[in-house]
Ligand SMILES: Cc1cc2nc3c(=O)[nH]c(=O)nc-3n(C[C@H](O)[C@H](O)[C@H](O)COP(=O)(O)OP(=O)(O)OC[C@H]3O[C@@H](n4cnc5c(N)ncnc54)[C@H](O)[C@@H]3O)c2cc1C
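Below sits a lone chain in structure tokens, taken as the form predicted alone.
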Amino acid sequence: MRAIIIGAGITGPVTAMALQKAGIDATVHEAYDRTADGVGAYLTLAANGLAALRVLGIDHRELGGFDTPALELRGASGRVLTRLAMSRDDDAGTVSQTVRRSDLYVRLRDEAVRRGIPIEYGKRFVNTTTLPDGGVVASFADGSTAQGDLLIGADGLHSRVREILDPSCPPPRYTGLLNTGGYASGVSVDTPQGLFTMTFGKRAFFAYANRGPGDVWWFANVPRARAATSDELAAWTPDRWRAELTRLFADDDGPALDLIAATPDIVPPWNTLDLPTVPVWHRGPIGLIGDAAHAISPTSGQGASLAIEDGVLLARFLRDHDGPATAFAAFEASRRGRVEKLIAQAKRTSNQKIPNPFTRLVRDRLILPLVGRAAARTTRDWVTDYRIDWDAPADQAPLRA
């Protein structure tokens, strides 16, 4: 069996390595000439995503990130509302990791190449044809083609593969927030190393983590009633955007202004989007995976982890089923409920970041303290305790650690 994978972000190389472990050859096709080395913001990999990487023999300590085991939520005045574990240690000592997105891309890509997996660049996917024998041919913008037994769309939020499978699929949904962030240097904060401190500000949401002396990573969510157009985003020059962030956090307690001032290059703003439900995940030997099937808001801290889970699980289904069509169907049946529940949960969390005097009062005085007490009593977490037993039959449900 030979797989064509569209997209060489996080999902593509992980899926290719998992398929290799299952005895299936794969080639990854990437639209750009090279992945985004050194570009962009960061993300957090939760314990469930790190455990899925461990199935492939990838140690979380080699990803170039740092431990972020807990988060603390504060109000605009600086009052602590609650403190939550981001994941619980398991027998392997797995703790959530925060890593630059580009570093993760590069490490996964290089590891796939080291294992002999071809990655072809400058291959913008255009269309696909299903052959009479059940195989597929992928066509690319440069006029080239690739033939295989199945095609996996790992091409992200704006997936061309999804568009082909279902032209009427609802477009990505704007969640009401702009995202931005940066890396502050030469400034200190009074929080423990690795603790994410998150503040519900009067006008916007601000969070930061102390990586080490003089090295603080931060992000901000800025409420906006409608999604910004590409022209509107382009109009936010670096100086104008820095001034706007300074205005938004001027009346909040905390180090936001110092961190913004100490950041040489602030990430330009982008719209936060998700996909609440994708009606069609697969057809015949063609299927979707990762953000192409179920994009989730960064609020969840689960986007990359869910994509990594997907790659390992799909490979296991392809290993144990008679053909791609039945494997894709079984994969969807096992995944749709989990990912759509998480997408809905992430949207509710995003809504809490949009300032409103009444909801702020209810959130700060009632909801978050209750959440904190409930979390302290909980011994299992359905999100981060999710574990995949590679050696178990594919149709056996994943484990809860």
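One rule holds for the numbers: they count along the sequence shown, beginning at 1. These numbers come from a predicted model, not from an experiment.
Note that the form predicted in complex with this ligand isn't included here; everything after this is about it.
Checked against this ligand in the model of the complex, the residues R74, H282, R160, R100 give one hit for a heavy atom within 4.5 Å, which is R160.
Interface residue among I354, I343, L43, V55 relative to this ligand in the model of the complex, by the heavy atom within 4.5 Å criterion: L43. Residue contact check for K202: none of its heavy atoms lie within 4.5 Å of this ligand in the model of the complex. Contact between D291 and this ligand in the model of the complex is found at the 4.5 Å heavy atom cutoff. Taking non-hydrogen atoms only, P255 never approaches this ligand to within 4.5 angstroms in the model of the complex. Residue contact with this ligand in the model of the complex: A8 places a heavy atom within 4.5 Å of it.
In short, of 294-302, 311-319, 241-249, 182-190 it is 294-302 that has heavy atoms within 4.5 Å of this ligand in the model of the complex.
Candidate site formed by L150, F328 and W390: none of these residues places a non-hydrogen atom within 4.5 angstroms of this ligand in the model of the complex. In the model of the complex, this ligand lies within 4.5 angstroms of at least one heavy atom of each of the following residues of 96-124: R101, Y105, R109, K123, R124, in sequence order.
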